[in-house]
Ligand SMILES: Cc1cc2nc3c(=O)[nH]c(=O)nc-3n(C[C@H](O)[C@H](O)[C@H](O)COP(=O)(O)OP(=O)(O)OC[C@H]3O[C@@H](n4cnc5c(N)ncnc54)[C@H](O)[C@@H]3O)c2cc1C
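Given next, in C-alpha cells, is a single chain: the form predicted on its own.
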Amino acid sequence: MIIGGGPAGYEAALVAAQLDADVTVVEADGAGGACVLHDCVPSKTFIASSDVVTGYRDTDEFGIHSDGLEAITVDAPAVYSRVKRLALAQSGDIHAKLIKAGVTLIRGTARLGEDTLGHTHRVRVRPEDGDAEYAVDASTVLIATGATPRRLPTALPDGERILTWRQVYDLPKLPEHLIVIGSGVTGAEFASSYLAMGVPVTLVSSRDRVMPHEDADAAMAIERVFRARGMTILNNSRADVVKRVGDSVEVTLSDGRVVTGSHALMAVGSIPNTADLGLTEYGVNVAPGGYVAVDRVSRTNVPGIYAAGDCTGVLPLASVAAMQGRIAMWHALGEAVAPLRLRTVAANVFTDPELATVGVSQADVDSGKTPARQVMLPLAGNARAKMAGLDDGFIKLFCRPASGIVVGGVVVSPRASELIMPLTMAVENHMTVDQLAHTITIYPSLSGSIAEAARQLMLHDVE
C-alpha cells in the first residue's frame, strides 16, 4: 500500500510492480500528486513561458531589432491554460504507466488503521467517490503524502489577491505589481519569472540576501541580475501582516514600513501532510514539524512502514523523493540497495540565470568541515557565452587538496540544470580534476568552462 501518488509514491509503485508485488496506490488529486498537478511541473512550465519573453531582451546587441520587451504582450489566461494542460497531460502519462505496470490506483485518501496480528499493517481507505471506507492489510506501507504551502495566520491567502504558488494559475491576468513574500527557492523562481514577463516585482527577504541557503556567490550573482532588471529587493525585511485593501494588498513589515501592490505571493515554505494519517496512534515516530522520521533506506521505526518525499523533510526535491521511494521498495522487497547519499544529489533553482549545485558547499569549505581546493571561473571569458551575450554566471569547482577528487560544484548559467550533470557524475564516481581536464569538450561550448576549471585546479598554486 502506497499512500500518495507523487514522485515518491508513483516511482516506488513502478519499482514494486517490476518486482512482482501486488501494489495499490491511494492518491487524492491524481497520478503525479501535487508535484505534477500543482507544484513543480506547473511552475517550471510557467517559467518556460517567461523564458520565451526573456529571449527578446537586449536583441539589438545581436543586430536584431525587435522593439524589445515593450513590444511583447503576454496573454496570461493562455499561459495559465497551457500550464494546467501540460500538468494534466503529465499526470495522464503517469496514470497510464502505472496501469500498464499492473498497479491499482485508487482516488481517495488513506490512513493507518488499528494494529493487527502478524506481519501486516491495516490501512483504512476512503474512496473519493463516496463509497464506504474499507480496510486493506498490507505487508509493506509507504507514506508518501507530500507537503502543502505554509499559511501564516496574519497573511491568509484568499485566492484572488493574496496567493499561494498553487493559486496563481487561476488569475484572469498578470498582476500589476507583485509582492513576493519569501526569498527562498520558490519565491526567487516566481519573482524571476514574473519579472521576465514585465510585471513589477518587490521581493521581501527576511535575510541579508536572496536564497540564503544557496551558495553565497551564486545567490549574490543572481540578486545583481534581479536588481539590474528592475526588481525591488527588500533585504533584512520580515512581513508581519499581509491584508487585502480593495483591489490591492498591503504588506506591513516588522519595522513598520508598508509595501503596496496589486497581489501578494506567499512563498514561506511548506508543511508536511501527516496530520491525518494515524501515525502517532500506530507508533510511528513523527519528528518536530510533523515530518515522518526515516533512516537512509526510508524506514520508519515501525518494521514494514516506510516513508519518502517531502513528508519526511529529508530534502524537498522531486528527484530525492523518487529515489527515497525506489530505495524503500528495493529494501522492503529484498533487493540489494545502497542507502541514500545526499552528497551526490544535484539541485537546481530555475531562476534566470539558473543556479545548480552538487556535493560540498562553499560553507563546508570555508568552515573547514571539508578541506578542498577551489576555482571560480566567470562565464564572461567563455567563447560560447560571449556569442550568446552572457555576462553573468560562473563555474565553481571543489576538489580534495591532495588527490584532486572532485567533491562539489556550482553553476550559474542559463540551463545550469543541464550543465551540472558532468559535475554530478564526477562527484558520484570519485573522478579527479585531472580526468575532467583531460576530457575533450566541444568548442565553443559552455561545458568547456568545466574542463577549463579542472585544468586550473591541476595547478597546486590555486587558492
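Since the model is a prediction, treat every value here as computed from it, not as a measurement. Note that residue numbering follows the sequence shown and begins at 1.
There is another form of the same protein, the form predicted together with this ligand; it is not shown, and what comes next is about it.
A heavy atom within 4.5 Å of this ligand in the predicted bound form is found for exactly one of Ser319, Ser81, Asn236, Thr280: Ser319. Though the partner is left out of this view, Ala87 does not reach within 4.5 Å of this ligand in the predicted bound form, counting heavy atoms only. Put simply, Ser298 is far from this ligand in the predicted bound form: not one heavy atom of it is within 4.5 Å. Of the heavy atoms in Ala147, some are within 4.5 Å of this ligand in the predicted bound form. Remark: Ile3 counts among the residues lining this ligand in the predicted bound form, judged by a heavy atom distance of 4.5 Å or less. Exactly one of the stretches 429-437, 32-40, 65-73, 408-416 approaches this ligand in the predicted bound form with heavy atoms within 4.5 Å, and it is 32-40.
For the partner-free chain shown, Gly108, Thr109, Ala110 of 104-136 come within 4.5 angstroms of this ligand in the predicted bound form, judged by any non-hydrogen atom.
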